[in-house]
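Each of the two blocks below gives one form of the same protein chain as structure tokens; they are labelled structure 1 and structure 2.
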Structure 1
């Protein structure tokens, strides 16, 4: 008995320690100056929780609000992206993290869930409340089920086996290209973090600088990781990637509009032919701009968010900068730093002190200027062609700059009012279409889902074109700013891993830009204008025209009597007769046809009574 207790004690201790380890939180910042005075900053926040704790609602670093949504909607894996801007491949090279944490302009969401459509609709509604985004607009018309484009990042089959669920998990994907990304999306994003944006690298994130970036993505990825024979953990990775323009970010908040310096402070380029006392071309300062973290982000890093599990990571910040570049650290305590094998500098954040990196102005040698940028796997661009309000064309250029064949999956999810003609789909250039997955559109119910597996030959370009027709929407289906146009979501291109490179089975991703489609839009002031115009025409014209058409001028004598007037006349005659009989006692009455007494001012003419002064009776006779 006692022996068994003794044996179980270390086991429970071990399991406790193991369980503690399963609750972990790490964060990491990757900084890399890019050519043309830009700075790439990639923030990664990862927390994990054991699946048993998640199922029993015991949360430590994992955000409870998001976990409850995932539980309620039976979501196994979730990927949510908020993005704005455009990644400039020519200047900046390949995308960070191989494009795995990038989204199309606006909001993009895809998830593996068990269950039918209700789970998806519940998920988008709950996420819209959590992230202050109008995700609830992702309905069946904007949802697709991609086949080849996405692979689960977590071990979903293991998870299903562990939970002894039999149903298959389905992938649903939705995009909202017109969604605005602003501080109200960043606020709940930061509230999901354990340190809530108050300490650690998340203290650098500020809506004023983040949404002024050239390119910016915020991502939330939740995935289960199950080890065979071990326990499952649920991992959430929150990522913020941005490319800031250093000079623009350093402008003061109070006066961000650049104003020219006084002429005394401007250095003129003297090599120009027109340089004179009144003509000056400002010379670009040579060398690297001086900048620091606090001037670019607006504040230094405040302390570190060192919670359970961060000891596993050796450093918090990776600074990928040429070795000649001087980097000064401004902090109250000494910072442990080292250099990785690739030449990047790494730092560990102090617990309770501010941390700032300061780079002074420096002119680097030409060897350091040599581009350390990685060649992107593919260059892609997509445009709308054609003119007019009825039809148009889509044109995509795909260029393979590498000396080996690339196989890509090209996914397009088009709204229903853009009706592509699939018989016009053509692929020209050195490439061939291996497979095609196509779901045609249903008006107002479902959009087009087009997925192509294309093989592109080395060092060649491929053009993908098709024609489409634009639908005419109903009057109530236009948004309030209808004349802006309608947004077409970005095309998602997945470059499949080739056998040459040792990449993971995910491959890399890139997205084209979203497009703006002008649809035939009615003039919304038209109904009001028509009503006003028609009413005016009728009011002015109808009366006169009707009279002209219908009115007939006749002499008084020709007018026939009408029935009621006859009745009235007879009644009046009778009354007058009675009165006359009562008054005059039957003195002979004058037969004047009009009945009764001849009044003063009237005379009997031709058997009818007429007023002598000829009042305005007109042509009509009043009897």
Structure 2
């Protein structure tokens, strides 16, 4: 028995060591200055764990809260997006990460899972509570099943084979374009990281800076990675991409509103005339703007997220600037640095020291100032056409800027109250529609799913148009801001890989902006007026009838006497008697309060003069 234990001990130790090596955590920050005084910042956080540890609920870097949701809902691969703003392709060039980590405005979610109908509802409700978002509103009316638009990033077939599962994984997709992304979503996003945003490059993520950006997106991607004949690991990649305005980001938080400088501090453009001595046209500064990480993000990087252990850990920063650009490093320790031929510089973060990059003002040569932005694979724009509250149209413009043919997949998920006329669908220009997948809507149950496979010729433009009808909602289905309109989700465009663009099997993605659709809206002030008038009439009628039924009407003589009233009356009579005596000059002359005199044998009772009988006190006195 002891011999068998000793023989199995080395194998157990080796398996533990191998499992420890499969736990890894890396951080990466990519910085790239853009035209118009903008800065692109891309944060990447990657954690891996062995699938055996995931199945046995053993987690080191992988977030337990998210893993338990995936296990309960039988989700094999998950992709979640929070996006805000618009990527300006004309000024900033191609999208970062080929658009793979980008989503439409609001919240977007798609996943491959077993038992799609039952687990999808549990998944969206659980993620809604985890990320403080309104994902629980992704119901059957906002859920579609794309066919060509998405490909799994993980090795799902290999995973199913190793798990001995024969069921087919189903893809479900949902969007919430009206969701407002804010700090409530950033905080749970940071809590999924090992250092919780307290150290490493995640310490730069501040809500005031992130949500003041011109464009930003947060992504959570979970995928299995299996090697043929080997083990599987589960990988989670959390990314944050943003484009900051350098000048606006460097404004102090205490005084965010820009104020004009004194005229003595303004460099005037003498080539333009001006009238007053205290006004002038400011001259545009030459060269590159001076900035630093601490001035743009509000703080330096607080060291690396050193977690200890023998696992793989990497923390670095890639700064993509021309080789002539001066970059100063501020840190208490020596920072390892490497430079590529293109000018990109890579820095490794220190463990227990702050790290800051400082770029002084510098005038670069014409060669360094030349634009090196990569051209996007496709340009796309989408607009609503028509007028009136009954019908409208959709117009999409697709332009291929490259000298080779491209095949794209165009996906639209339309709400049920937008009813497209498919017989009006038309594709004009140098393009050809190869396939179409269409699922019609069901009122209040299912939206429209439209998926097109289009081929676009080189250096050409394609227009996609169709007409639609606007549905009339019930008055209880209108939101509080009904006159604002209803958000239509962005269209998703996937540029398929080919021999000319040398991309992965996913290709590249881009999304149009979301649209605002005005629907026939009733006058909600009329129900308010009816409610007010009806309530007033009911109150007056009910009050009058209630008083008639409850209140008793009696004569004054029938009212029973009151002890307090009797005391008051006697006091008043006594005062009147005293006043009469004073005015009459002695006994026998009492003023009755009305100007008369009370004679002998009379008395004042209740303000009236009455005679006294002989048996009274007056008769006794006379005798």
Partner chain sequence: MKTLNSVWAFLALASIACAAHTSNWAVLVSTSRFWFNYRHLANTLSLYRTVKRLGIPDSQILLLLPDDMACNPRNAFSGTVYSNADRRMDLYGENVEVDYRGYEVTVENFIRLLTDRWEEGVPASKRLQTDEGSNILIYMTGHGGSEFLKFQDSEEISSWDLADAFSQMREKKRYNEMLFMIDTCQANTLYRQFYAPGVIATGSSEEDESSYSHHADNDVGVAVIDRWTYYVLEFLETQVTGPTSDKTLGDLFDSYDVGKIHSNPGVRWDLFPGGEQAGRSRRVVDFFGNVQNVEVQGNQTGVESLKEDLQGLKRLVQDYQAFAAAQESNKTEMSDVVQRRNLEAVSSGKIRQKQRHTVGKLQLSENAQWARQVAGATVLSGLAALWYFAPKLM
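Residue numbers count along the first chain shown, from 1. Here, rigid core means the biggest group of C-alpha atoms that superpose within 1.5 Å across both forms. Predicted model, so just to flag it, every value in this text is computed and none were measured.
Shown second, as structure 2, is the form predicted on its own.
Once you line up the core between structure 1 and structure 2, the Cα of residue 544 ends up 2 Å or more from where it was. After superposition on the rigid core, displacement of the C-alpha of residue 36 between structure 1 and structure 2 stays below 2 Å. Taking 2 Å as the criterion, residue 55 does not count as shifted between structure 1 and structure 2: its C-alpha moves by less than this amount when the rigid core is aligned.
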